[in-house]
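In structure tokens, the next block holds one chain alone, the form predicted on its own.
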């Protein structure tokens, strides 16, 4: 990539200070940025702190900074672009960098790929080495099916979606437009359903499917189970981290964030804009309302109302859970105090049953 500071300013709609012709060929964090790198300063307060001189003197060729930092950075020698939201602007430039660093593979079917005669392949689709696309599958225009992927019979992949290597999307599932599935994702594995018959676990057939709507991203080695009868649904704009398990019949709303190693058990429903933090566990048949936040390592065993923020093994309200954690650390001290009070208040010959 090669852009001038002036071109970057035009791209992000910022106000340029300094040389417009400064050439930028890379992006780096501010501490590591060199003379041809772009960096950003997220908060204006840093420019007015004890680090101000250090920030102003960094060799980064171009710095994206908050509008409020103008006076602090006025004397900076290198180019500065002032914007309302530096992190968002930096991400916009990163998107352009990424397209040049990691361009989409060329359209076409690799000779080692196996595409069934009944599959429908849209314009500009890439199907990589050793990928398999079964009969009646549909691949939308511009989609990328990378090396080693499997697309099952009757499955639909939307236009512009990208399956990275070794993704499996089993039969009859639906992936919307512009979805991203990272390596090792499995969509449509059987739900965990068994019936105890005469002391042994008999499998309940899982004949439903998975529907993943538009603009969903699923991290590496995550698994989305098919429904027993109807559909497991991941709503538009939801982002799922690595190593997440979504069980059968789960329905997740729009724009949710599901963080690494979280698990959501069967038939649970999440509203819109819900955040499930890392290693949280959600029990089955639970409803979680819009905008709720489940903090890390929290267990949810009953319904959670809209906007609630919970933490702890039993998913207590955050403030209460934090208070309990503080009090638990003081239990030895509290116990010693209680013993002293008992000695003062109880008769000398009263039995003490809890001295151990």
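Note that the structure is a prediction, hence the values are computed from the model and not measured. Positions refer to the first chain, counted from 1.
The form predicted together with a further copy of the same chain exists for this protein as well; it is not shown, and the discussion that follows is about that form.
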Would all three of 17, 44 and 142 be in contact with a further copy of the same chain in the predicted bound form, where contact means some heavy atom lies within 4.5 Å? no
Only one of 262, 80, 137, 252 gets a heavy atom within 4.5 Å of a further copy of the same chain in the predicted bound form. Which one? 262
Would residue 245 sit within 4.5 Å of a further copy of the same chain in the predicted bound form, counting heavy atoms only? yes
Would you check, heavy atoms only and a 4.5 Å threshold, whether residue 167 touches a further copy of the same chain in the predicted bound form? yes
In the predicted bound form, does residue 222 come within 4.5 Å of a further copy of the same chain, counting heavy atoms only? yes
Would residue 237 sit within 4.5 Å of a further copy of the same chain in the predicted bound form, counting heavy atoms only? yes
Of 163 to 200, which residues get within 4.5 Å of a further copy of the same chain in the predicted bound form if you count heavy atoms? 164, 165, 166, 167, 168, 170, 171, 172, 180, 182, 183, 184, 186, 189, 190, 192, 194, 195, 197, 199, 200
